[in-house]
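To begin, one chain is listed below as structure tokens, in the form predicted alone.
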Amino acid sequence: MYEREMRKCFRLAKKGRGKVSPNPLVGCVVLNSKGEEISCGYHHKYGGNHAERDALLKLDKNTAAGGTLIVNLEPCNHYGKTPPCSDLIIEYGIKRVVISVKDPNPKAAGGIEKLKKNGIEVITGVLEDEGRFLDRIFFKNILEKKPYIVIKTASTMDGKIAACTGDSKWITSDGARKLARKFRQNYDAILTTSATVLADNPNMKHRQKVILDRNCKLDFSEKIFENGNILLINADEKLYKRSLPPNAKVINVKEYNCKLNLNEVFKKLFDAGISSIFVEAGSKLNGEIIKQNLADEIIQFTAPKILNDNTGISCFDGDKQTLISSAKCFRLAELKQITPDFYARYVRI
């Protein structure tokens, strides 16, 4: 019951991707006392009205009275950028509220209890697994106090992201690359390395870019500095031979085994307000993130090509493994074709 309306909430919520962070993605549908849809809304941007408020403020109270409100996340019960949604629901005379998942944020939770105390019927757990997956970034942020990490790769069928010479243009089609650029906008920051920047000189248009530059190799003439804000991660910014560009700042991180400590990198980025990270780098960083079990998700674009060269560069550089049981396990969450290529989205088990 209410599954059709809840799926619409999910579709509405997705319209806020890349705009609401660090808030969750939320959509809302309102039915009148006869069960007919009379309004809908979603959380458009951080600081803006929550989904429930967006939907209810389109109605007069007489129209909404006695109706049902469907929302994918428990209505908030605190004063943040906007007043509590639970209070507005009560004010509008809603008689039933249908929820997919409870809010894991203790600051905002409590909406269900308040609604019940005011005589409103509350139904929870509708498409709960789908609702939790939709807001997986938010759940990790709240429950683990860490950013959500996504690795993007583009490879041949035999798992190569470049030939042994480093040639990688272009493995996938224009359509696949366009979709990958679109995916970037769903995350707070892009993460890459100075090795990738020096090898490919990419632009990587995005509002926030993070570059691991342990040995301060960059001289800031690279295209990546032409747009967005840049966070440079290294152990000692004094090694740079030129002044930092106005759009760049440095975060110092300790080294571990002659590498930047990735756990510290991600902690400092989270403390800097970055809730989700889209990794576009080479095999070494990809492999190290996998090795340390830091990847939450992998988006893998695959072209129907076989390089057939065992010296080519693989997606994930790692150690020699003798047992299949040592493999890192993910589950397939999405699979789509972008002719002639396809992409698969995997999430960590």
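Bear in mind that the values here come from a model prediction, so they are computed numbers and not experimental data. For every residue, the number given is its place in the sequence shown, counted from 1.
This protein has a second form, the form predicted in complex with a further copy of the same chain, left out of what is shown; the following refers to that one.
- Comment: 311-319 is the region of 61-69, 42-50, 311-319, 27-35 lying near a further copy of the same chain in the predicted complex, near meaning a non-hydrogen atom within 4.5 Å.
- Residue-level contacts in the predicted complex: of 162, 179, 260, 216, one residue has a heavy atom within 4.5 Å of a further copy of the same chain, and it is 162.
- The closest heavy atom approach of residue 10 to a further copy of the same chain in the predicted complex falls outside 4.5 Å.
- By the criterion of a heavy atom within 4.5 Å, residue 171 is counted among the residues contacting a further copy of the same chain in the predicted complex.
- At least one heavy atom of residue 307 is located within 4.5 Å of a further copy of the same chain in the predicted complex.
- Taking the partner from elsewhere, residue 281 is found to have every heavy atom lying beyond 4.5 Å of a further copy of the same chain in the predicted complex.
- Along 257-290, these residues reach a heavy atom to within 4.5 Å of a further copy of the same chain in the predicted complex: 287, 290.
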